[in-house]
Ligand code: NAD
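So this first bit is one chain, no partners, the form predicted alone, shown in structure tokens.
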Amino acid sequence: MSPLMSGSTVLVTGAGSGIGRAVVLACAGRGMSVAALDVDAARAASAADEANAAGSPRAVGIACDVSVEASVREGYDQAVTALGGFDGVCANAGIEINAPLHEFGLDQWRRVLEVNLVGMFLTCREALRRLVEAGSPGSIVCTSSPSAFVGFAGGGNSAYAASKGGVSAFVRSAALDYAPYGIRVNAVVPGATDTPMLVTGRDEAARADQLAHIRSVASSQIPLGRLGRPEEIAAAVVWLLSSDASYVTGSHLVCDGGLLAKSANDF
């Protein structure tokens, strides 16, 4: 069966909110079974419930900390037991901690890389091991970022940028290694997207003010004049995972409203 057609199964990490949740619902709406993995068990269960309501034949929520090897293995075990296997994986779980580099704590730096880079590695390694052992083709999409390619003018982004740069390098290498097995590995590159992660680490009132500011800046700085919507990024993920992208591997699909294409100079 071609990956991510009706009747297929996809496993999504970071599925409790934002882009991950949108991917779960996009897959559900196309008649796919979904394993929604998130470090927050309640959010994972909620995403699975929404997926079932949206038309998924079978959806299951699973608590999983992608930075912990045993948790990732157990998450896959539960998904396979509940759903019978998988055709595609969206390695999406991520966090962001921002601070000037000279003030950045080692524990903070390690935590960002443990979730964003080590977690992506563990998620992909477990998928690849199982697909290779089964002799099955498959499709994996990792979530990268424009910060893998350019610096953010707002600053304080060194740990996140380093983690996403690693994701992008990993995707290129893994795609070459596993092409002979019929397994494709790609990345989606979301720009500023209207999700809770955009304004983390603030109280509710401060988040609302910051989000209003970000939307205002987006209208002038992003060529398409707005933030991205999670469902727009999810549509790109589904395409990369699907047989419609059967000749695409080792690639980055940029969904950023034109931001990376824009020079900082207006002359």
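Quick note: we count residues from 1 along the sequence shown, nothing fancier. Quick caveat, the model's predicted, so the values are computed rather than measured.
Just so you know, the form predicted in complex with the named molecule exists too; it's not on screen, but the next bit is about it.
The closest heavy atom approach of residue 43 to the named molecule in the predicted complex falls within 4.5 Å. Residue 88 falls outside the set of residues with a heavy atom inside 4.5 Å of the named molecule in the predicted complex. Within this chain, residue 60 is remote from the site of the named molecule in the predicted complex, having no heavy atom within 4.5 Å. In the predicted complex, the named molecule lies farther than 4.5 Å from every heavy atom of residue 139.
Using a 4.5 Å cut-off to the named molecule in the predicted complex, each of 111, 190 and 193 places a heavy atom inside that distance.
Judged by heavy atoms within 4.5 Å of the named molecule in the predicted complex, the contact stretch among the candidates 78 to 86, 111 to 119, 171 to 179, 148 to 156 is 111 to 119.
The contact residue chosen from 51, 32, 66, 238 relative to the named molecule in the predicted complex is 66, the criterion being a non-hydrogen atom within 4.5 angstroms. Taking a 4.5 Å heavy atom cutoff to the named molecule in the predicted complex, none of the residues in 208 to 239 make contact.
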